[in-house]
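Just so you know, structure 1 and structure 2 below are the same protein chain in two forms, each on its own as C-alpha cells.
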Structure 1
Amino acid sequence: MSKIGVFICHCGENISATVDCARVAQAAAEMEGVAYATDYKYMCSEPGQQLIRQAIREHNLDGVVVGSCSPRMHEPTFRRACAEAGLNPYLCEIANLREHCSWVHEKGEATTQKAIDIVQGLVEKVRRNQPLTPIRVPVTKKALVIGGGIAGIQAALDIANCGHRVILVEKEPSIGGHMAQLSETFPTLDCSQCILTPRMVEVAQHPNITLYTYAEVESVEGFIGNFKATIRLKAKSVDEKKCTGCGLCTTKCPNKKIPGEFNEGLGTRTAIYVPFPQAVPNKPVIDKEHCNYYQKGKCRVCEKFCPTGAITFDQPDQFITEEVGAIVVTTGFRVLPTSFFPEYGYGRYKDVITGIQFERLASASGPTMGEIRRPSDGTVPKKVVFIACCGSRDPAKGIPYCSKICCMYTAKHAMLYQHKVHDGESTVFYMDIRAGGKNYEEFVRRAIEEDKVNYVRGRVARVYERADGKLVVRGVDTLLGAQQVEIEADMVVLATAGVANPGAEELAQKLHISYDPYHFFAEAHPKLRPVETNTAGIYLAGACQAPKDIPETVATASGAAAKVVSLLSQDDLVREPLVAVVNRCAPPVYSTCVGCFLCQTACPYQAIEREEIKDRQGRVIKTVAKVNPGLCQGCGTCVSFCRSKAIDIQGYSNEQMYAEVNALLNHE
C-alpha cells in the first residue's frame, strides 16, 4: 500500500482563480494510495517546500505529487525538496495544474474536476514509480582536435595548457591552415606568419599534444566522454624518424613544375615537398599523384640522394585508434576559385585572381618574394581592380550569405598594393562596406583617405580581355545614378565567397553532427551555445561554422577549449536516469528481448548495442539489445518499436503511462 502525499499549489491566484484548490486536495485525500493531501498558496516558496519535507517525515511518505506549474519550471525544486527529506527525488511527480488547466479554462466545476483528474493520473503513476539514481559515465581525459589551422592550433594549445592531452589531426603535410598563407593581417598589418609560426612550433613541442599531419579521421564511434576515433595516417613515403629535414630531396626531385597548393597555383613545387619553409613538421612527403616513381615505376632520385635513407616507397597507410573524451571540429573553409564565375572569365584569364592568391603575391614568402607582379607576364600591374562580394550575397549563385571577411581583406589588399606600388592605381567595387569590428572602420577609412584607394559602389557585370590583351572591367557606379563605368585593368582580384570544405558533409555524417544547407556545421544554439553541436561532447570553432576572421576564429577556439576543459575536468559525467533499459528476467528466458535488433536501426542516437548473455563457462546463451545509458536521450523510439515490449524508459515505463492514462480516462 502506497503512502503518497499530494500538495496542491495555488500559485498565488494563477491556479486558485479558476480551480478550487481546497476541493482538489480533499478529493486527492480520498484517492487510493494517498496518505496525506493539502493545499498552500505558494508551494515553491521556502515554507511551501518545508511543508512537503515535514509531511514526508511525519507521514513516512513514499511518493509525492505536487499539483502546480509546468514541470519545466519547478520539477527540480520539488525533487530537491523531497531529496532533502530523504525521499528518492524520482518518486516526486508534478501534476501540471497551471498550464494544462487553470490558465486555459474558465472558472467552474469542470475545471476543478479536470484538476482532480490530472492529479489522479499522476497519483496512479507515482504508485508505480521506482527509485532511480543518476547515471555516472566515465570521462576519457583526452581531446581530439580535427584540423590544424589557427582554430585547431589555438584550441589544442588551450586544452593542452590546462593539463589535458590533445590529439591534433591535420590532413595536409603541415599545420597552419589558411593563416599561414596570409601576408599581413587586418587591421594592424602585422605579418601573419610572424604571429602564427611560433604557435605552430609550440604545438609541435608541447608535451601534451600529439600531432598527426597528413592524416584524416576515418570514423568516430562512441559518445561524450568516451569517443573512439580511427585515424588514417596517409603514407608520407618518408620515414620521419630518419628524416632530418635537410631538404636535399626537394632540390633533386626532377618533377619541378607541379602547381603548389600553398601558393594557390601561382608557384610550383616538386613531387617530394615541404609545403612552405616554415612548415611544422618541417619534413617532406611524396605526392604520389605527381611522383614519377609511383606513376611510371622509374626515378627514385630522392632515395638515391637522401643522406639518411629515409625514403620508404613501400610505406602503407596506417590506421590508429585513439580514445578521447571530447572532439573539437576546426576544419575551416575554402574560397571559391575564379573558375566559378562565368562573368569574370571562368578562370581563363591569368590575371584575374582570387583574394587568397593576392595574399600569396603580397607575402614575403610567396612566389614573387612579396613584390606585386601579375601572374601572366610577371610585370608590376599599374592598375588593379578589386571586386568584393564575388558570389557572396547572391542567391542566384546559391550563396545568399555574407562571407564577412572580404570587405576587410579587400581594403587590406588595396592598401598593401598602394604601399608596394606607389604609382599604382587601385579601384574597389563594393556593395556595402561591412567593417564591424574593433578598429575595422578606421582601417577602411585609412585605405580610402590616406592610401587613396578608389572605392566605387556598384556591381561588376563583366570582366573580359580585349583584343590587345588588356582586361576590361565593366560595372556601374550606383552613387552616380547607376552610370556605367569601364576600367582598364592590369590585374583583377576577386573577393570570392568563403564556402564549406568539400569533405564537410561527409565529416558531419561521420560525427553525427548537423550542418546547414551550405554544409557549414550547425551550432547547438546560435547565440547561447555557439561552440557546441547537438551531439554532446563535440564542439566547433573557426570557419567550419561560417566564414570568420582571425580574432573571431581564435575566440571560438578558446571558447570550445573552455567547454572541453570543463568536461575533462570531471572524473565522470552525471546524467538523468530517464533512459531506455532492456529488461532481464529469470532463466531460461533471461530477457524477453529476442535480439531482432530492429530497435538498433530505429534509434536516432546509435545508443543500442549488442550484449551477449553468457553462462559460467563463457558460452553465449543469448544475444540481446543493450542500451548505452551514456548515449540514450530517452526519446522512446525503441520502446514503441519493440514488439515484445522488452524495452522500457525508466521513469516513464509502459506500466506507469498506461496507469496514468487509464486514470485520466476512467472517471464517470
Structure 2
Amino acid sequence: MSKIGVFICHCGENISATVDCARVAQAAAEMEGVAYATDYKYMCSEPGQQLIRQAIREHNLDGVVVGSCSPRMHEPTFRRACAEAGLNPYLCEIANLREHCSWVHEKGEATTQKAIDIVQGLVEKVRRNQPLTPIRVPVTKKALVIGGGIAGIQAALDIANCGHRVILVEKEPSIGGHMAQLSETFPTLDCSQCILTPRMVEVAQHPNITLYTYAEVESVEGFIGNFKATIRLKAKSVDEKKCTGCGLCTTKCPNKKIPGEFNEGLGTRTAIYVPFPQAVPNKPVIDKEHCNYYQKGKCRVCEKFCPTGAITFDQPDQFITEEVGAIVVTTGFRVLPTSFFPEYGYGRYKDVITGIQFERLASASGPTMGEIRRPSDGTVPKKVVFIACCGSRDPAKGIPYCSKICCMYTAKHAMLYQHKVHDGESTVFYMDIRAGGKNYEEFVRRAIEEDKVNYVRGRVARVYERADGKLVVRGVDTLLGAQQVEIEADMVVLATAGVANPGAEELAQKLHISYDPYHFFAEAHPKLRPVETNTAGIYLAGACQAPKDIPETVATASGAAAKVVSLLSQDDLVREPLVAVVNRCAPPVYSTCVGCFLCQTACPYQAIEREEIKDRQGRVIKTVAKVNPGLCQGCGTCVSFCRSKAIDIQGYSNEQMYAEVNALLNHE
C-alpha cells in the first residue's frame, strides 16, 4: 500500500498529557507509504470520524492507522467509519497509544518516541494488509437444550416463545430436575411444585418445543449455526402413543420394593413406574435392572393388565439426528456422595440423612406425606441437628469452594421443622453464614429470631450413636472459645456440597467445551461472557457452571436464551474473517502443507479438516489440511504447530507480524 492515513487521537488528556501528539503525527507523515497524517482531540467523536472519512475520499487512502486507546473500545467504530468512506474495514489498524504508552510512562521525550515507534509498527503492518470479507454462515433456526431442570425449562420456554423451535433433551423419565424434589423454596417459602408444575406442563404442550425424556446426547458435530446432534432415545418399553397414563400397570407390578430415586431412597417404587405424581410426561417406564421379565424371563404382569397394549418389551433404543443452530447446556448438579462423610455416620445410622432427603420428608408428595419422621422407626424427632458445609469449603475433601445454597436451605429446613414440629428443638452447626441475595439475610435472621433455631458457630468432628439409640453430635463452639459441645439428636441432617454430575466431563468432551478442575463447565469470561463458552454457539445456564440457587439459575437460563434468540434471529451469521487459512499455490505443488495433520490434533475447536487435492483426471494428488471458517476462532494454535509454515491467520500473517516487529527494532 502506498497511501496510508495516520490519525493521532489526544483522547482528551489520556494520551496528550504524556505524549506530544502533534509531533507523533508529524513523524508519521514522514514514514514510508504515509500520504496523510494529522492529530485531533477526540478522534472517536463524530467530527473525528468525519475527519477520517473525508481524508480517505480526498487523498484516496488505501490504508488507515489510528493512534488512540485500546482497540477493544473503538476498533469497530473506526472500521465502520472507514467502511462508510468506501475502504475495506480490515485495512484499518489501531495503534494503542493509551494503554501501551501514555498510561504506563511519565511525560518526556522517550514516551513520545515510543508512541512514534508503535505507530511505525502499525504502518508497516497496514502496508501488508489485504482486504478481507466477513464470513457468512447460514443459521439453522432451531435450538437444542440439554437438561430438563428449571434452567432447561426456562431457557426452552424463552426461546420457544420468541418463535423458534426447541429440542429439549432430559436423561430422566420426567423433566423437573432437583427443583421438583423440593418442598418449599427460600426466601419466600412458596410451594416448589406449585410454581414449577405449570411450567413443566407448558413445555410439554408448547407447539415449538419437542420434548425427549429418558434420552441422552450421543454426539455433536458441526459449528455455530450448523450443529448436528445425535440423540439416543433409551427404550422405555412403553409405547407412549398408546399409553394413556392410567397407572394400572404400576399398581399390578409385583416388584414393589425398589428404592425410589426421586425420594432419595426413603420410599419405594415398582419396576414399572412414574417418577412422581406430577411427572411430565406422565407415562411410565420399565426399569430393566429390576424388572422380573428382563432379569428372569418371566412375569409380564403389566402387559397383561395394560388396557391399551402399550407395553412393548422388545422396544429398542432409537437414535435420531437433529440439526440445530445453537445449544444450551443446563445439565445441573448433584449432591456430594455421602461416602465422603464416614465421621458423620451416614450409612451406619438410619437417622443421619442428607438435605435433599429432608426435603422429601417435608414434601406433601414425599414418602411420609409431609410429616417429619425418623427413617429408623417412623417416630417424630424432637431434636434435630443440621450440619452445614458438609464437604464444602473443605480442601481435605477436595472441595475448597463454597456450595452457595447450603446456608439458605439449612435455614429453610430448620424453619420447616419448627413449623411442623412445634415442640421440637433444632440446632444448626455452621462455619459462616453466607446469605448473599435479595431478602436472604432477613430470611436467616427470621429463622434465628422468630423460629428460635439455635445456631452454633463451629465444626462437627463426629456423630456417633449411644447404646440407648440416641445420636450424639460432637463439635466445638468457636464463639465460646472453641469449647467442645455434645448435643443429643433424634435426627441429623447433612447439608452436603453441590458437585458436578458424573457425566459432565464426558459431555464437555462431546461438545468441545471447557470445564474447571471440579468438572463444572467453564464460561468464556466470568464477567463479560457469563453464559457463553469458548465454543461459539454453545451456551451455559444453571448449576452445571457452579452451584446456584433458583433465582440465579432462572436468570442465567433467560440470559442464555437471549443469546440464542439473537443468533437465531439472523438468516446468516456474520463473523470476523480473522481465522486461519492454509496457503495454496500453483501446480504441481498446490500447497506447502505436507499433510502431517499435527494442526488437527492441536486445534481446540475441531476446525481442521482433511481435503483431497485432485488433478484434472480426478486422481488424488495429495491430502492437505483445510480450515473450517465457521469453527475457527483464530487462536493461532495451528500456526505455531505447523512444521511447514503452511498456515497463517488472516490479518495477522507471519509477514505482517515480522514487518511490525522489525519496525520496532530498527528505528533510528
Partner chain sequence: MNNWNKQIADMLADGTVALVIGYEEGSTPQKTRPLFCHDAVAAERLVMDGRCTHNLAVYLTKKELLPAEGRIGVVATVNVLKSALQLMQENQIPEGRFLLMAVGPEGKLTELPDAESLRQYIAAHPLPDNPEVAALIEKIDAMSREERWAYWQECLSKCVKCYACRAACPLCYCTRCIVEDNRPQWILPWASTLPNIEWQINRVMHMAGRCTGCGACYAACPLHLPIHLLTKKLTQEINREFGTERPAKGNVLSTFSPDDKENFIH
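Quick note, the numbers are simply positions in structure 1, starting from 1. Here the rigid core means the biggest group of C-alpha atoms that line up within 1.5 Å when the two forms are laid on top of each other. Values in this document were obtained by computation on a predicted structure and should not be read as measured data.
Between 1 and 2, where do we have the form predicted on its own? Looking at both copies of the chain, structure 2 is the one that matches the description.
Selected hinge residue, Gly458, Leu51, Leu573, Cys402 [rigid parts, motion between structure 1 and structure 2]: Looking at Gly458, Leu51, Leu573, Cys402, only one falls at a hinge: Leu573.
State in degrees the rotation separating the positions of the smaller rigid part between structure 1 and structure 2, with the larger part superposed on its C-alpha atoms. Smaller part versus larger part, rotation angle: 16 degrees.
Taking the rigid core as fixed, quantify in angstrom how much the C-alpha of Ala580 shifts between structure 1 and structure 2. Core-aligned C-alpha shift comes out at 4.0 Å.
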